[in-house]
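What follows is a pair of forms of the same protein chain, given separately as structure tokens and numbered structure 1 and structure 2.
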Structure 1
Amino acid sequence: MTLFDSVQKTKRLFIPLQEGKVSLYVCGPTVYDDAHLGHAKSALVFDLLTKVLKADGYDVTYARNITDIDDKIILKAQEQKKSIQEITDFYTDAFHKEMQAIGVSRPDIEPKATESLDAIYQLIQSLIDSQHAYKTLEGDVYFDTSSDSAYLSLSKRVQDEDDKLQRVESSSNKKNSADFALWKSVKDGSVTFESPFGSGRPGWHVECSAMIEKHMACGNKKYALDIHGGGADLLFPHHENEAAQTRCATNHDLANYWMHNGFVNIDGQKMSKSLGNSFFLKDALKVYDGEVLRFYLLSTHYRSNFNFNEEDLLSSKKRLDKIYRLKKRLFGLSHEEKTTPFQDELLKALNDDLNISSSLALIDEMLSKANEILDTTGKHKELKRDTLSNLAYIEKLLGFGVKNPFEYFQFGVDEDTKTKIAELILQRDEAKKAKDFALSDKIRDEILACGVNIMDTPQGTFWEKV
């Protein structure tokens, strides 16, 4: 497999630290609010990556953290007059449910900041011991960026001298403007943890480095991890700082490969609270089937910025529909696992830095070829077997086509309407039998008015929500 390494800025052949094994760590959500489409995109991308790595035969350990210590969480708790844990439990639970709805598997490890304080203290202490961190008079602990000659090697950023001077003047307690907090002293009596450095709260960046050391780091290798991932915005400063901490506190670097997914914009605009255009997953799920969202959000290469709009979503859905129509065509037939050339090609495409566009093109070609052969007369025993096996492979590898095809096409239609449609179809069949086409067409118009399409097939009349 080749992966684009966003630090070396090139595609690299993936070679794991330990043969046959892959360790992957992705920055997860801070649980103070609902997940938006950007969280979904990131989770989907790395969900796909793990599925492809597993298909390649790797034993994958995938960790995605939950940040449950944060100023924004505290603020939310105060606003809603709830405990911190009520807030974090609520949003963690919601996150899990929404991720499940878009077919994202749970990571193998899901470390929380509150459960990793021991590792955080240990990491900070070793940074202090090795002179890479210092304590201020106020009781804060900062990482000394000037002590790390490799600082900024990740993002390749250039320190702005003017900017640096200005900031140093404005915050005299830091040695360098770029220094960041490892431990924040808190004296206002709100949420604190008792650490060897006094009571306070951990900084954000230190959390990931500590959790990786605790759960993932493998022995005496050059890197703690094979792959570290996250949103494109995290490269700096978050990942830069994580890398610095790990490099200075341990005898290894953080990750061999760095992957960053592109941003999700809404109708050409960045999602942001101030613009009021945040698109929450839970709202999207009310209108669209979770799998439609999965397909749409994954349909563009993970590194590109993604512009979410309904028109594109609908045309993307039509593509997913075709998978389900073929499933419907072959519904009820049993299948056995079988490797086909199509499956090899599909995996090969995904192994090229998750080239989803090529993968979808291969799927579309497979679908129309299968449909074409099924359209001609004959038994097609072999073709059916291969096709069913191909569809099962797509389900497993990409998570497309996992539902019952009939239910898929009925998303968002209530029971009363379903009953009504069933009755109308019965009436129309009667009219058709009697060759009363004027009446049958009239009934079809009524059915159409319910917002569904109908299709006559040798197996009977089926309907789909438009």
Structure 2
Amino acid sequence: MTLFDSVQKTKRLFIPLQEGKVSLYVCGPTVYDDAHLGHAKSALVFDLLTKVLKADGYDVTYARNITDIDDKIILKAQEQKKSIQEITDFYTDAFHKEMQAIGVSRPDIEPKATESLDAIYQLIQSLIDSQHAYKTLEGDVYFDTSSDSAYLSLSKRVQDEDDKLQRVESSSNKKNSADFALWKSVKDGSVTFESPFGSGRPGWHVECSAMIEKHMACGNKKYALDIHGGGADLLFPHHENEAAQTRCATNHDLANYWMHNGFVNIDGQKMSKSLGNSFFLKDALKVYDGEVLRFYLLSTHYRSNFNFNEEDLLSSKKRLDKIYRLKKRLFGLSHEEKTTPFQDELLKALNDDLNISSSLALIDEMLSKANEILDTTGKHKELKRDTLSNLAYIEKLLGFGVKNPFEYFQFGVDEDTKTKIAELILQRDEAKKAKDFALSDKIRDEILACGVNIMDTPQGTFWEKV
């Protein structure tokens, strides 16, 4: 496998720190609001990476954190007159449900900031003891960026005057304008935690470093973990600051490989709440099937910026429909798991830095050839077995085609209509058993009037939206 390293700006052959094992950490949500399409894109990218690594035979440990200590959470709790835990529990649960809807598997480890305070204190104290951090008269603790000769080596960023001015204005007690908070003193009576440094709250950047050391550090003297991932917007300052504090506190680097997915744009504009175009995932799921969103959001390379628009989504859905139409064509046939040349080629494409374009082209070609042969006379037993095995492999590796093919085409039909159709199908079955074909035909017409087509198969009667 080769992966594009965001730091070295080139594809690198992936060599794990421990043979046969991979440690992957991805920055997760701050749970004060609903997940948007940017969250979905990042979660899907690293879900795909995990699946590919497992297909390569690696034992993968995947961690994605939950940030449940943040000023935005406190503000939301005050606005809604609820407790901090009510807010964080609500949005964490919503995040999990929405990720499940788009086929994202839960990580192996999902640490929370509130459950990692001792690790945070320990990391901060290590930085103070090694003179990489200092406490101000206000009670804040800052990382001393001038003490780290490698600071900004991750993002290759050169700070401009606007950066410096903004940072200077944030606190007059910092030694350097670029220094960032490890611990924020709080004296206004709002949510605080008692620490060795006084009452306050941890800085955002220190949370991830502490959680990685607590849950993921594998004992390697050079790196804490194999891969660290997240959105491109996190490279600076978040990942830069994570890398600096870990490097200075532990004498090892944070990650061997850094991966970042591109931005999500809405009709050409970068998704931003200040622009009022933050497209929440929950709203998209009301209109589109979760797997359709998964297919669409993964249909461009993970490092590219993604322009979300309805025209492209509908075009993408037609591509996914072809997988399901072939599944429906072969529905009810049994098959045994086997490896085919197609599967080898698909995995090879994804091992090239998750090359989704080549992967989808291979899938399109397989679907087209299978349908072309199935359209000819003959039983085609071997082709059917191979095709079913290929479809199962696509499902396992990419998460496409996971539903019953008939149910997939039912999306958009309300629950009351689904219940009505199910009852009518039962009545029609009973009429057919009683050989009352006139009643059976009448019920069939009533089902069709619901805007659906019905298919009688050896496995039962199925229907789909017209």
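The term rigid core refers to the most C-alpha atoms you can superpose between the two forms while keeping them within 1.5 Å. Every residue number counts along structure 1's sequence, beginning with 1. This structure is a prediction, so every number in the text was calculated from the model and none was measured.
* Of structures 1 and 2, select the one representing the form predicted on its own. => Looking at both copies of the chain, structure 2 is the one that matches the description.
* **Shift of Glu19 between structure 1 and structure 2 at or above 2 Å (CA, core fit)** => Comparing forms between structure 1 and structure 2, the Glu19 CA shifts below 2 Å.
* Core aligned, does the CA of Lys51 move at least 2 Å between structure 1 and structure 2? -> The answer is no, as the C-alpha of Lys51 shifts between structure 1 and structure 2 by less than 2 Å after core alignment.
* Treating the chain as two rigid parts, what rotation angle in degrees relates the smaller part to the larger between structure 1 and structure 2? -> Rotation of the smaller segment between structure 1 and structure 2 is 43 degrees.
* **Distance moved by the Asn453 C-alpha between structure 1 and structure 2 (core-aligned, Å)** => Its C-alpha shift, to one decimal, is 7.6 Å.
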